[in-house]
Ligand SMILES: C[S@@+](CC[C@H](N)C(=O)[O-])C[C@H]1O[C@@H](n2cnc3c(N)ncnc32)[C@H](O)[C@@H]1O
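In the form predicted alone, a lone chain appears below as structure tokens.
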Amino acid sequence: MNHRLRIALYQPDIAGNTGTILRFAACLGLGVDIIEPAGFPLSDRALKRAGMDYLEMAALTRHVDWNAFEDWRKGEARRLVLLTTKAASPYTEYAFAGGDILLFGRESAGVPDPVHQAADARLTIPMQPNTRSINVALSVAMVAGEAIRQLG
């Protein structure tokens, strides 16, 4: 796969979700960016348990904070695609491009306004009324799957 698609996690809260995402990304050849601080030590046993032996195969880049991530992203000239419950456009109607970074917020709080404003696109996963959110690891799988499908 040569789509250069990346998954970015903004200050993730739950080690198990992050480990699951790292395993998923390793299996599909996707890079992962973790924008710190995380809500758990990145060497946490739960992270290793969820990611199993795939953690060593994951293309993981850690960014000390949002500004460091943004400096890197802008230097790479990559689009930032934010997945949020606060968007109106469904991810299935978006035209993904090679090199896109799919950004997912904290499980507990999403992302702050400056991050929303920095995104090139804000997309949502349509859900039933009166539901709050889908688990972040499942959301990553759904959206990355669609992006990979579009990119071939």
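None of the values given here were measured: they were computed from a predicted structure. Don't overthink the numbering: it's just position in the shown sequence, from 1.
Although not depicted, the form predicted in complex with this ligand is the subject of the following passage.
For the options L123, L30, I34, I101, the residue carrying a heavy atom within 4.5 angstroms of this ligand in the predicted bound form is L123. A heavy atom within 4.5 Å of this ligand in the predicted bound form is found for one listed residue only; from M127, V64, A95, A88, this is M127. The closest non-hydrogen atom of Q11 lies beyond 4.5 Å of this ligand in the predicted bound form. Taking the partner from the other structure, this ligand in the predicted bound form has a heavy atom within 4.5 Å of a heavy atom of S108. Under a 4.5 angstroms non-hydrogen atom cutoff, this ligand in the predicted bound form has L83 among its neighbouring residues. Residue contact with this ligand in the predicted bound form: S139 places a heavy atom within 4.5 Å of it.
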